[in-house]
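A single chain comes next, written as structure tokens; it is the form predicted alone.
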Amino acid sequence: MRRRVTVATTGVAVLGLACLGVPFLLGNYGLHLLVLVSMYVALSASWNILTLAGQLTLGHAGFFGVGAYTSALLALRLGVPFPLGMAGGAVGAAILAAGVGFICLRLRGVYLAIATLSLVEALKIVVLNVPDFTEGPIGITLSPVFRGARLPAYFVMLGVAILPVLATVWIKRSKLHVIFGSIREDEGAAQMLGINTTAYKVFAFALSAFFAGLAGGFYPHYITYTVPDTAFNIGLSIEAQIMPILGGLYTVAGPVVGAVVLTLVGEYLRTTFGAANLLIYGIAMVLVILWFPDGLVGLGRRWWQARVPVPVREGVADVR
């Protein structure tokens, strides 16, 4: 156990140093990739919070879009600085998630996924049909944050990405881990034990949406514009779901690993194979999921355990 903790601490330290030091060695293109990686880490880690409570949703693009449009509209209409706009977008997404959650989270499985997918399309239609307020299909154009400098923009998005990861660590070290696990494994049994499953699911839904809205709140200030098709792109929901699955569901590191690998590999395939990259991307994803159902983190854990066996105390049987 002590060796495992030491390895984990060393890994976190190395990753932290890389996140803080490597950006100073990169140009604008490399920094842009890091901003995208950080954004997807935030989305995938926030979606992973929902899986801890056993909820399968496709509504993350909706909360990202609410955060983006709330932040952009606050800046456009009221001149609100982007940090406050980001906070407003995050709070707006969380409030929407809490309200919708009381209705949608009574559904389960594929029905919940379809309901939250419909939410994304409904939000996009609303934005398109009130052009006097949202600028409709034309979208909103903003001044670049930090005057276009990408290094400080990266550190802001890195901070956003770290928050849902820390929230996952907090959940796993608190009683919420047991409560969410019981809801995920058998919601009916959890209710019989006196757990208010609806309240806890709504809390997980709102917490997850808060982080998605926070990432969305910064994005239009970085890109300098937002349009409904980009802000409420269902592809964001799909990627937020695929990344933690590839990295390893229910883990802290899984969403981070999945987001880094898929963002960088996807960019390499796009620049190398052009339009054919989606076919290669899809085939690779199917093969990885079939061969490594517990994700890349699970694969790494098995590899480590095979090479560094856990020592057995004298007189105690090895029951692994």
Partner chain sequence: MSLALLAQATANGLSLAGLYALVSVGLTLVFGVMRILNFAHGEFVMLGAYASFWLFTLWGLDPLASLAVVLVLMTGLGALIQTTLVKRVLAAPHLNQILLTFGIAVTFQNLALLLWTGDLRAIKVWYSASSLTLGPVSLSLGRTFGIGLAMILTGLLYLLLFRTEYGRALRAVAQDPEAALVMGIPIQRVYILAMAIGAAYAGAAGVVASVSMFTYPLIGFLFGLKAFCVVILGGLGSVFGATVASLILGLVESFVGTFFAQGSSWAEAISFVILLLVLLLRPKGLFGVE
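For clarity, every value in this text was computed on a predicted model and none was experimentally measured. Positions refer to the first chain, counted from 1.
The following text describes the form predicted in complex with its partner chain, which does not appear among the structures shown.
From the list 122-130, 142-150, 163-171, 211-219, the contact stretch for its partner chain in the model of the complex under a 4.5 Å heavy atom rule is 122-130. Proximity to its partner chain in the model of the complex, defined as a heavy atom within 4.5 Å, holds among L76, I95, I195, A115 only for A115. Only one of G109, P81, P137, G188 lies close to its partner chain in the model of the complex, with a heavy atom inside 4.5 Å, and it is G109. The closest non-hydrogen atom of G282 lies within 4.5 Å of its partner chain in the model of the complex. Within this chain, V202 is remote from the site of its partner chain in the model of the complex, having no heavy atom within 4.5 Å.
Mapping the unseen interface onto this chain, V178 falls outside it, with no heavy atom inside 4.5 Å of its partner chain in the model of the complex. Although the partner is absent here, V156 lies well away from its partner chain in the model of the complex, with no heavy atom inside 4.5 Å. For the three marked residues, I234, Q241 and L290, a heavy atom of each sits within 4.5 Å of its partner chain in the model of the complex.
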